[in-house]
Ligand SMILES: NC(=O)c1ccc[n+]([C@@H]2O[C@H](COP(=O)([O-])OP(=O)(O)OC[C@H]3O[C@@H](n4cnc5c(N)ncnc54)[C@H](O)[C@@H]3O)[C@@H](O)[C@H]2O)c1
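Have a look below at one chain only, the form predicted alone, in C-alpha cells format.
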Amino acid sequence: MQNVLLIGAGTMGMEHATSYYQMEDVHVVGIVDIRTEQAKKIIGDCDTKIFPSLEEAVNGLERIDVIDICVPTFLHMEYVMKAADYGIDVICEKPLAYTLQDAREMIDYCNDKNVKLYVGHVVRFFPQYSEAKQLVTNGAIGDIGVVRTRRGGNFPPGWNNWYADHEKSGGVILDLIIHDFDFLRWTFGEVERVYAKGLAEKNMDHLDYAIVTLVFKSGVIAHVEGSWAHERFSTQYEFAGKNGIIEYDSLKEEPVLLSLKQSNETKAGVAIPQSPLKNSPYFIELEHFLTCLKTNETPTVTAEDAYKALEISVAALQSLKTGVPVYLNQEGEN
C-alpha cells in the first residue's frame, strides 16, 4: 500500500484525488488545505484526514510515501522543499516553478536529499498526443515541416484569483501552453529559437492570448497558440509532413486523423480509431509515477524535462516583452 498526502483541494487536487481513489493499493491518507469544506467535497465517504498545514499532516500521520503538490505555481517551490526536508518523494503539478532559478534549485535540492521529484506534464499521457508522437517517430508522414498546436478556454478563476496576478502566474505561456512546449520537445527534440506575441503586457482584465513560434534544431517549425478568451476548452494540433498530415481537434470528438498523399484512385483519409479510455490520462500519469517510485525506473517525463519546458516558456515570455526572438542553448547574443 502506498500512502499519498495531497497538498491542495482545488481543481487539480480534486482530479488527482479522484484518480488515487480509483487505484488499488493506494491510500490518500490526508489532504492539506485551509479550506476544510472544499477538502470535504473531495473526500466524500473516504477515510482521508484533513489538515490545515503540511507540518500538522506529517506529525499526525503514521506513514507518508509520497506528497502530491497541487497548489498554485508560485507555491510549488515552498512545498517541494518542505517535502524534501522530510525526506518524502514528491509529485508536483506543472509547471515545476515560476522561474528557472527556482526550478534548478528545487531539482538540485531534491537530488541532494535523495528525494524523487516527478512533474505532472500530463499531455504525454493523452492517447491522442502519444499516438501522434508514435506516428511521427515511425515516419508515417515523412519529414515534418510545420506543426500547429492550440490550447484554450475561458480565463481560470483560481484560488484568490492568482492567475490574474502577473507576480504569481505566467499567464497562458507558463500556465497553459507549457503543456504543448513539453509535448513538442518530447516529439521533435531541442528548441533553438523562440518568438512570441501576446496580450500579457497589455494587462487586459481576465483575458490572455499568445502565439509562440518555436524553431527546433531539427528544422521543424511549430506555431503554438494559447488562449484564455473562449468559453469552451479545447485542444488541436496539425503536423504537416512530406507525405501527409496528422491532425486532431477535441471539439470534433473524432479520432486522430492520418491523411496520406495518395493517387486519385484512392481515398484521401484514413482514420486511426481511439478506444474510450477506461482510466483518465491523470490516472495513467499518477499510476506511472507511483510505479516508478516502487521500481526506481526513469519516468516518461523527468524533472529535467520539466525544466526544459519551463525554459521554453521563460524564453517566450522574454520574447513577448522585448519583441525579439530568444535563442536557446547557444553562445552569443540573442
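The structure displayed is predicted, hence computed values, not measured ones. All residue numbers are counted from 1 along the displayed sequence.
One more form of this protein should be noted, the form predicted together with the ligand, which is absent from this view; the next part is about it.
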| item | value |
| --- | --- |
| The ligand contact in the predicted bound form: residue 180, any heavy atom under 4.5 Å | no |
| Contact test in the predicted bound form: residue 94 vs the ligand, heavy atoms, 4.5 Å | yes |
| 4.5 Å heavy atom contact, residue 175 and the ligand in the predicted bound form | yes |
| Proximity of residue 35 to the ligand in the predicted bound form, heavy atoms at 4.5 Å | yes |
| Contact assignment for the ligand in the predicted bound form, among 241, 158, 153, 198, heavy atom within 4.5 Å | 158 |
| One residue of 248, 186, 216, 79 in contact with the ligand, assessed in the predicted bound form (non-hydrogen atom, 4.5 angstroms) | 79 |
| Per-stretch contact check against the ligand in the predicted bound form, the hit in 218 to 226, 134 to 142, 105 to 113, 70 to 78 (non-hydrogen atom, 4.5 angstroms) | 70 to 78 |
| Contacts with the ligand in the predicted bound form, stretch 110 to 139 (heavy atom within 4.5 Å) | 120, 122 |
